[in-house]
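Just one chain is shown here, as structure tokens, and it is the form predicted alone.
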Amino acid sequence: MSMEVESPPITPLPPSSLSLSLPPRPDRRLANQLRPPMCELGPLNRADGSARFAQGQTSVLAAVYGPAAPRFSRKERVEGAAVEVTVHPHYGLATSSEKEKEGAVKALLEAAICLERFPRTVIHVICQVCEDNGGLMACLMNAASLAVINAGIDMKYVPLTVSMALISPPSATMKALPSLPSSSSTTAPTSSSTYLLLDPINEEERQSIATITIGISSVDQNVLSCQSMGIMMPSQLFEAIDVAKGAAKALMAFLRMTIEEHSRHISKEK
């Protein structure tokens, strides 16, 4: 049985003076606010584990099959389970972009799952993009992690992933944001002339100087993964990591509440 849990917008960090002085974002959030997360555990009956995770209008449905014996012996690994990830786009056929996302999700799960407990098996994770309005990589990783948890597969920690966009301050409104620098530009903007938007939507990503997606461990707050596009200074990267750690704590509190609510719901059904 599945149960859907939704939260209001999350503000993981105190607002800075800059974020308070900025004009409202297109969806009326502050710069340091996550979109309202939504999580549903076990929406699919025929999968070993499944989860639907959404932030705002970005939504991903993930299903886990396994650990199970591989169909081909060449996929067997004596030292532990093999992880396979398939990402289906919102519409159309998969492209190189989906292949890149599959590799990132696979690397994150391989590090988090206790693979040595399931030798000679395959864990297949299928992610279906239902809607994409920014922050898709973070939603893919969070949905896949929750589906693995729902399947009862042992993990060392829960990977928590958040996305951010690096923006130059507008002079008047958000519509005045600059376009991405040309390929000939090799100079990153100074930290004083930029700020981070947490959990950006598509419009904000298109107008950003750089985007970054960071995975954080729920146990020790270590950085697990980092995918970026654009030009960033080291100081901006370190600032993004600090923001990601604060957001991961807030996200973990929501996921813990979701899992507890789901457990109580299952107990009542029995």
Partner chain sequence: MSCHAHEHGYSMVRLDFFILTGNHRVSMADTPSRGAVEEMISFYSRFDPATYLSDLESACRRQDGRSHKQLRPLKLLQGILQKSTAGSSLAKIGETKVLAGVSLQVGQPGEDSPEKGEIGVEVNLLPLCHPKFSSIQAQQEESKALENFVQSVLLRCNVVRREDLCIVEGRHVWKLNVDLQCLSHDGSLADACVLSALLALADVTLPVTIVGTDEKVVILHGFHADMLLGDLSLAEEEKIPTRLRIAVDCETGQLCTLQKLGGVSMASEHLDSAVALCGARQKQFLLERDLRQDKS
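Numbering follows the first chain given and starts at 1. Please read these numbers as outputs of a predicted model, since none were measured by experiment.
Although it is not shown, the form predicted in complex with its partner chain is what the next lines describe.
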Quiz item: Tell me, which of I201, L61, A47, M232 has a heavy atom within 4.5 angstroms of its partner chain in the model of the complex?
Solution: M232
Quiz item: Hey, in the model of the complex, is R71 touching its partner chain, heavy atoms inside 4.5 Å?
Solution: no
Exercise. Answer yes if any heavy atom of E100 is within 4.5 Å of a heavy atom of its partner chain in the model of the complex; otherwise answer no.
Key: yes
Practice problem: Would you check, heavy atoms only and a 4.5 Å threshold, whether L224 touches its partner chain in the model of the complex? | Solution: yes
Self-check item: in the model of the complex, T211 touching its partner chain (heavy atom, 4.5 Å)
Solution: yes
Quiz item: Want to guess which of 25 to 33, 240 to 248, 61 to 69, 38 to 46 is within 4.5 Å of its partner chain in the model of the complex, heavy atoms only?
Solution: 240 to 248
Exercise. Answer yes or no: in the model of the complex, does its partner chain come within 4.5 Å of a heavy atom in every one of D132, M257 and S263?
Key: no
Practice problem: Quick one: name the residues from 90 to 112 with any non-hydrogen atom within 4.5 angstroms of its partner chain in the model of the complex. | Solution: S96, S97, K99, E100, A104, A107, L108, A111
